[in-house]
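Shown here is one chain on its own, the form predicted alone, set out as C-alpha cells.
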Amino acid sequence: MINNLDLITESKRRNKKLLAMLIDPDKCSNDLALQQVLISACSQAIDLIFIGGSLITNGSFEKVIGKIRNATNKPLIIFPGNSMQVSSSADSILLLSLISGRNPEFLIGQQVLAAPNIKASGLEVIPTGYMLIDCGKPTAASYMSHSQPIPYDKHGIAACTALAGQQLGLKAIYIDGGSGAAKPVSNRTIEAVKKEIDIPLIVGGGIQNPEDLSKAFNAGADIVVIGTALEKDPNFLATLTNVNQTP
C-alpha cells in the first residue's frame, strides 16, 4: 500500500513542492464534468488527488473514486467533509480535526463515528489539523461546521493554533480559505505558520492563477490545493508549467 505521509514528508525534506487537485463529487454529477475531472487528474502537473466535499448529496462518492482509480495511479487521498466519506478504493484519508474552531463535533465527534469504518477500510490515516481562515466570504466548510474562521489578518493566532496541533501529535497542518474563497490565505499567515511548525503544511482555497500558486509556495506551503479554479477552467493546469517544481 502507498504510504502517502512518507511521500509528503520526504518531499518536504527535499523542498519539492507538491500540487494537489481537490475533487468534489457533487460537482461531477454528469459524464462530461467527470470526463473533464479525469483529464485534469491525469495531468503531469498534479502530484496528489484529494476527493471530498461538505455535502455529497448525489451518491457519487464511490463512483467518482472508482473512475479516478481506473484512470490514474496517482495518490488518491480522501478529504472528508463528514464521517460517511470513507472508501477502501482510495489510498489514504486526511483525518481532519478542525482545530481553528471550538465545535467538538468536528474536533472529535465525527472522527469517533468514522473510526470503525476507517479501520475496516485499511486506509492509511494521516492525522491532520484543519484550520479555516476568513478569506472574504462565508464558505460551505464554515457553514457546515458551525465554526468561526480565524480572521484573515490574525497571523499570530493561526501560527499558535498550528503549533498546538503539532504539539498534540498531528502529522500535517491544512490551512484553508474554503471552497470558492474570495481570495487566497495571506502570505503572512502562511509564513507565520511555516515558521512555527516542522510538519508538512497544506494550503488551499482561493488559488485562482499561477501567481497565487507561486506566492503560496514561496511563502512556505509544502502542498497547494486547487479546486474551484479547475472547475471553472479545465485548461487551468496548462498555465502552471514548472510552477510547482523545486528551483
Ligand code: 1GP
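Position 1 is the first residue in the sequence shown; the rest follow in order. Remember, it's a predicted structure, so these values are computed and weren't measured experimentally.
If you look for the form predicted together with ligand 1GP, you will not find it shown, but the lines that follow are about it.
Participant: Ok, S40, S186, S60, S179: which has a heavy atom sitting within 4.5 Å of ligand 1GP in the predicted complex?
Facilitator: Comparing distances to ligand 1GP in the predicted complex, the residue within 4.5 Å is S179.
Participant: Just one of 41-49, 199-207, 66-74, 215-223 has residues with a heavy atom within 4.5 Å of ligand 1GP in the predicted complex, so point it out.
Facilitator: Heavy-atom contact with the partner occurs in 199-207.
Participant: Just to confirm, L22 within 4.5 Å of ligand 1GP in the predicted complex by heavy atoms?
Facilitator: Because a heavy atom of L22 falls inside 4.5 Å of ligand 1GP in the predicted complex, the answer is yes.
Participant: Using the partner position in the predicted complex, report whether T228 sits within 4.5 Å of ligand 1GP, counting heavy atoms only.
Facilitator: Yes, contact at 4.5 Å.
Participant: Consider Y130 of the chain shown here, and say whether it contacts ligand 1GP in the predicted complex, taking contact as heavy atoms within 4.5 Å.
Facilitator: Because a heavy atom of Y130 falls inside 4.5 Å of ligand 1GP in the predicted complex, the answer is yes.
Participant: Can you check whether Y174 is within 4.5 Å of ligand 1GP in the predicted complex, heavy atom basis?
Facilitator: So Y174 counts as contacting ligand 1GP.
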